[in-house]
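In the form predicted on its own, a lone chain appears below as C-alpha cells.
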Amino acid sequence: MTYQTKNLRNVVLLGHPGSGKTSFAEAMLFEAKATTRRGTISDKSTISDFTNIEKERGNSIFSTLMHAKWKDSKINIIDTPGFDDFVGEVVSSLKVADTALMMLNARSGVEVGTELIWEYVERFNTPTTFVVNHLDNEKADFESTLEQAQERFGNRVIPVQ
C-alpha cells in the first residue's frame, strides 16, 4: 500500500533499560493488528529483538524498525536500546523521528538513562510524550513517577489518560 507523506509517522521509543520499550512496541503492533500475538522478552519471541545476541541478553542492542497501519496512516515504530553503550542507535533514530515516546518505569521513576537520552531529545527538539509503564507491578508508584518527571522535565509534563 502507498501512503502520502501526511499519513506517515515515525515514532521512536526511548527510555532507560528495562523501562518497557520492546514490550510496548509489541503491544502497539498487536493492538494495530499488525501481529496476532504479543511476543515476550522472556520467551525470546519479540519482533524487535530478533538477533541471537539480543535474545541471549534479553535486551535491545540495535534499533529496530517496525510498522503498523492505523486508520489511514502508517506508523513506523523504532524500538531503541536503553543502555548508553548503544547511544548511537538512539541518536540515529531520533534524527528521523517525528515524535518520541519516553518510557518511564513506574517502579523506578526517572532514571539515569532517561536523563541521558533527554539531552538528545532536547538537542534535536523532538516532541515527546512520556509513558508511565509497569503500572501493574506491586511496587509501581504513578504519583511519584509523575512528580519526578515534572521536577526534572518541567511543568509541561501533565497527566493524560
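These numbers come from a predicted model, not from an experiment. Position 1 is the first residue in the sequence shown; the rest follow in order.
Keep in mind the form predicted in complex with a small molecule is missing from the figure; the text below concerns it.
This chain is displayed without the small molecule, yet in the predicted bound form the stretch 127-135 from 65-73, 91-99, 127-135, 27-35 comes within 4.5 Å of it by heavy atoms. The small molecule in the predicted bound form is not approached by Ser108, whose heavy atoms all lie more than 4.5 angstroms from it. At a distance threshold of 4.5 angstroms between non-hydrogen atoms, Ile41 is in contact with the small molecule in the predicted bound form. Looking at Ser60, you'd find a heavy atom of it within 4.5 angstroms of the small molecule in the predicted bound form.
At a distance threshold of 4.5 angstroms between non-hydrogen atoms, Thr145 is out of contact with the small molecule in the predicted bound form.
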